[in-house]
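Let's start with one chain on its own, the form predicted alone, as structure tokens.
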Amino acid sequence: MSLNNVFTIAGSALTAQSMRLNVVASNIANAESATSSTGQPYQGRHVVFSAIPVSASQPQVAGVRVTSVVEDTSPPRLKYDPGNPLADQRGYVNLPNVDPVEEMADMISAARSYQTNVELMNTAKNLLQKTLQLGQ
């Protein structure tokens, strides 16, 4: 495995974690949205990662990619707010099935993964620079 594969693998992780952060941001932004463009409460979303081999000769070395973004199928949260124009006959409003605390934990995890891959790329770059300096 060449050191260049490190950049390919870490780059794929940066792309995947960036997508994860975008989905988390969307979930947090819509955590209190009672309706969406479809008229239904917003459904939380999650990214699904899968490993992709860097080369056919080394299937054990793999990067990552986002396979899909899936909607959370858990039921919406109910909030008692009889004065809300969107409340049902019992006075409950359907809110998105997004837990802001869980989303914050997911955001921190994605940010840490992103930072780790940036550090990995910097370490690989420094190793390559040191290797080039050996010949001088």
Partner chain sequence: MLDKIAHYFDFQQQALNLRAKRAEVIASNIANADTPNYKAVDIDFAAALQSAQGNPSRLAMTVTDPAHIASQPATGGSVGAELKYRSAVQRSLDGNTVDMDVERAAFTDNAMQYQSTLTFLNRRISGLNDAIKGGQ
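In this text the structure is predicted, and so the values were computed from the model without any measurement. Positions refer to the first chain, counted from 1.
What comes next is about the form predicted together with the partner chain, which does not appear here.
Scanning 62, 70, 29, 105 against the partner chain in the model of the complex with a 4.5 Å heavy atom cut-off leaves one residue, 62. With the partner left out here, the partner chain still marks one of 93-101, 52-60, 35-43, 79-87 in the model of the complex; by a 4.5 Å heavy atom cut-off that stretch is 52-60. Within 4.5 Å of some heavy atom of the partner chain in the model of the complex lies at least one heavy atom of residue 120. Although the partner is absent from this view, residue 116 contacts the partner chain in the model of the complex, with a non-hydrogen atom inside 4.5 angstroms. Proximity of residue 25 to the partner chain in the model of the complex falls outside the 4.5 Å heavy atom cutoff. In the model of the complex, the partner chain sits beyond 4.5 Å of every heavy atom of residue 19. In the model of the complex, the partner chain lies within 4.5 angstroms of at least one heavy atom of each of the following residues of 6-31: 6, 9, 13, 17, 20, in sequence order.
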